[in-house]
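What follows is one chain in structure tokens, specifically the form predicted alone.
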């Protein structure tokens, strides 16, 4: 029912995470119906994306390429007000964004890109364990906060990081997991409730 060129746009948009065929069709028709300049500007921005945005050479976050031929360094790594002795390790850039929005992390970050999963052929080399170890030992990092998800792969990754960095005398901590704020206990899973009780803390008066 759709013209071939519009159908091609729908097919490309539907490759994005969380975008189904109906949503992609709605987006494509909206772009077609909007002012022509919107679609052209979007096209230019997408065409320039891979040329001007790269993983940060220090932490793996997303960064602008400032000068051609120079390594891309993100705004967080360039921020001298950050506590360089505190390093938060995350699996994905999206996790970094979520933690950054909380405003609770004033250190720097290290993005692994993936989680340990031996069954899928992802070992310590694939998650860049040596690179993390070198960064920690050469930058006087006093604490590494492991903020991988509370999944089987996330826990395995956290355990590996704790074991290897701990052997070098680095303090390694793990983000706590528990009942979400505003959530009902009856809807919490057993693992979440168990962790919440295990990591309980005293009231301070």
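Residue numbers count along the first chain shown, from 1. Remember, predicted model here, so these are calculated numbers, not experimental data.
Just so it is clear, the following notes concern the form predicted together with another copy of the chain, a form of the same protein that is not shown.
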property	result
Stretch from 56-64, 175-183, 152-160, 138-146 whose residues place a heavy atom within 4.5 Å of another copy of the chain in the model of the complex	56-64
In the model of the complex, residue 168 touching another copy of the chain (heavy atom, 4.5 Å)	no
4.5 Å heavy atom contact, residue 5 to another copy of the chain in the model of the complex	yes
Another copy of the chain contact in the model of the complex: residue 192, any heavy atom under 4.5 Å	no
Residue 85: touches another copy of the chain in the model of the complex, heavy atom cutoff 4.5 angstroms	no
4.5 Å heavy atom contact with another copy of the chain in the model of the complex for all of 123, 134 and 199	no
Residues of stretch 39-64 in contact with another copy of the chain in the model of the complex (4.5 Å, non-hydrogen atom)	39, 40, 41, 42, 43, 44, 45, 46, 47, 49, 50, 51, 52, 53, 54, 62, 63, 64
